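Okay, so here's just one chain, in structure tokens, the form predicted on its own.
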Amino acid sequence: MKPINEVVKTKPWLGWILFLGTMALVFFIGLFASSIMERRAEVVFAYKPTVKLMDGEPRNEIWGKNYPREFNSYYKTQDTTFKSLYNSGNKTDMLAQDPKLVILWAGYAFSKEYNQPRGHWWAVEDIRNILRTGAPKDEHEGPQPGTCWTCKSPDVPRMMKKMGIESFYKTKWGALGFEIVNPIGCADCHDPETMNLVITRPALIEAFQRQGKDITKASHHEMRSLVCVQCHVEYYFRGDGKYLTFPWDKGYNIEDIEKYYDEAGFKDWEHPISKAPMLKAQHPEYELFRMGIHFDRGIACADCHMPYMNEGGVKYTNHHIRSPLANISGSCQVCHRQSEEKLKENMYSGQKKCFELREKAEQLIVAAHFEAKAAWDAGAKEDEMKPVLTLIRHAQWRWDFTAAGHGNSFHAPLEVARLLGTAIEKASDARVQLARILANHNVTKPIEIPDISTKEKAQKCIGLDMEKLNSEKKEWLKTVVPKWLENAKLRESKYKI
């Protein structure tokens, strides 16, 4: 083989090719190196703080000065346009959509007003503007305890530190309205100095302690779920002090929690139609998520609801917290290779089957409540009714456990189907026993269910004066809430930024 210099002498055009090729290679290597340096510079300067965050700083927009990418994505949680097959991000009136809920929750505040929850941005506004928290004439009062504010605002940890945890819970809901003004955000999950994920609500820490676990030993990946678990769980208000408690002492599944409540003799309320001692599930997303395949595979809540994003050389968490169905390419398709339509079809298929079972369970439980009333009216005694009321309690508890969590039929479809199946079984058993009790008291004709085909008819059926309640609510929003907002402006003006 001839040396390269001899080849070039005989073919001078080859030299130009080598020269130009070398120049092009050097040029592209230079661009690549420049890109690397630029991305490194972006990372270095991306999170250079511009303001000093004070301990307990509750205002998301102040955190946003230091973390604009995260804040700008969080800001999008005010968007309410998304709608999936059954749920949405807007303020859908669920009682109007399914009037049977009014009967199921008769005697409980949810029968007055229940809307689908909107994004975190709306947390404070929506809890103020709903009949479930009442409409007290005195802004320092209110039928609900301060515990109801616990998951709604980063002002809560600040006030707990100032007042003490027990005092915060015991204080009237209305009396805290002057201070709870910022919606769910940065300070709920992050340390202002290190930006590490932190648990700011004592109920989760206390639940772990009772199980002999130290939550401070949790890994960063585990924390990407646990900061959500502070709120997206089943809970109850324990004792006269309404102390927020997670009922996990016996375990996480529904039978464990049910046993915990039954042994404690706890009830959320007594149903005015059947007189059954009822349990109201809150939103047990974590408990059911633990029963699904994604938890088993080590997926965290944030992996699907807050997936990572890249901007230049900066990787950050998308704080537009929402249904993965609104961002299939950024969430589901990170792991799954099927098309968006196929993935959506798979999800909706399971949800449709679960909702069929849910509808059947609701029909049977509603009928059981009215048949229990007929039994009482016919002269049934407490000792013969007690087993039936327990069946109604346990049937509705299972139905509510599946219905209260908005992603449960996706998180754990098999477990949801199992719970709804047992709800149907228990409600059917209750109705069989009620038929025997009614027959023993000479009632042999089928019990007629009142017309509850609309929200208005159902609410009238249980004796709610909605005109009066809505009038009180209107007055509340006109007179009391503006005082809260004015106080918030005065308080914020005193902060030093």
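One-based numbering along the sequence shown. As the structure is a computational prediction, the values presented were derived from the model and not from experiment.
In what follows, reference is made to the form predicted in complex with another copy of the chain, a form of this protein that is not presented.
- Is T50 close to another copy of the chain in the model of the complex, meaning a heavy atom pair under 4.5 Å apart or at it? Because no heavy atom of T50 falls inside 4.5 Å of another copy of the chain in the model of the complex, the answer is no.
- Task: Indicate whether E371 is a 4.5 Å heavy atom neighbour of another copy of the chain in the model of the complex.
- Result: So E371 counts as contacting another copy of the chain.
- With a 4.5 Å heavy atom cut-off, would you call K162 a contact of another copy of the chain in the model of the complex? Result no; K162 lies far from another copy of the chain in the model of the complex.
- Query: Applying a 4.5 Å heavy atom distance criterion, does L414 contact another copy of the chain in the model of the complex?
  - Reply: Yes, L414 lies within 4.5 Å of another copy of the chain in the model of the complex.
- Which of 352 to 360, 267 to 275, 146 to 154, 104 to 112 has heavy atoms within 4.5 Å of another copy of the chain in the model of the complex? Going by heavy atoms within 4.5 Å, the stretch is 352 to 360.
- The single option of D214, E263, E193, E345 touching another copy of the chain in the model of the complex, heavy atom within 4.5 Å: Spelling it out, the residue with a heavy atom inside the cut-off is E345.
- Item | Listed residue (R210, K315, R297, H220) with a non-hydrogen atom within 4.5 angstroms of another copy of the chain in the model of the complex | Checking each option against another copy of the chain in the model of the complex, the one that comes within 4.5 Å is R297.
- Message: another copy of the chain is absent from this chain, but in the model of the complex, do Q116, D126 and V227 each have a non-hydrogen atom within 4.5 Å of it?
- Response: None of them does, since no heavy atom lies within 4.5 Å of the partner.
- Message: Given a 4.5 Å distance limit between heavy atoms, list every residue of 243 to 268 close to another copy of the chain in the model of the complex, or none if there are none.
- Response: Sequence-ordered list has one entry, E255.
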